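Given next, in structure tokens, is a single chain: the form predicted alone.
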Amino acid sequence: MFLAKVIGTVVSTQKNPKFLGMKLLLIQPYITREGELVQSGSSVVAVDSVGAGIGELVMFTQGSSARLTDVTRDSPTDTVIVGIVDTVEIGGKRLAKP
């Protein structure tokens, strides 16, 4: 699993039928560096399986694991949001959310 911040929504009227009813969000991955969360790489479109919103820090998974949630089962999904993060702590220090 990875961490990301939800930075937008994605609307697609023409899509694979297996995506009907799925909420798509644009997320920006983050990593920890020198005790802080910092942006890492390009933004990614993810299926939201937990009701996340813009500005929230989320956990996501990619690859075959992304097709194992109740929402994404049997769909051509590569990235899915699986949790909304309350806090991140490293070595007893709580990190500020991006």
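Bear in mind the structure is a predicted one, so any value in this text is a computation, not a measurement. So that there is no doubt, residue numbering starts at 1 and follows the sequence shown.
In what follows, reference is made to the form predicted in complex with a further copy of the same chain, a form of this protein that is not presented.
> Check whether G55 has any heavy atom within 4.5 Å of a heavy atom of a further copy of the same chain in the predicted bound form, and answer yes or no.
The answer is no: G55 has no heavy atom within 4.5 Å of a further copy of the same chain.
> Is M1 one of the residues lying within 4.5 Å of a further copy of the same chain in the predicted bound form, judged by heavy atom distances?
Yes, M1 is a contact residue.
> Answer with yes or no whether V10 is in contact with a further copy of the same chain in the predicted bound form, where contact means some heavy atom within 4.5 Å.
It does: once a further copy of the same chain is placed as it appears in the predicted bound form, V10 has a heavy atom within 4.5 Å of it.
> Is there a heavy atom of I90 no more than 4.5 Å from a heavy atom of a further copy of the same chain in the predicted bound form?
Yes - in the predicted bound form, heavy atoms of I90 and a further copy of the same chain come within 4.5 Å of each other.
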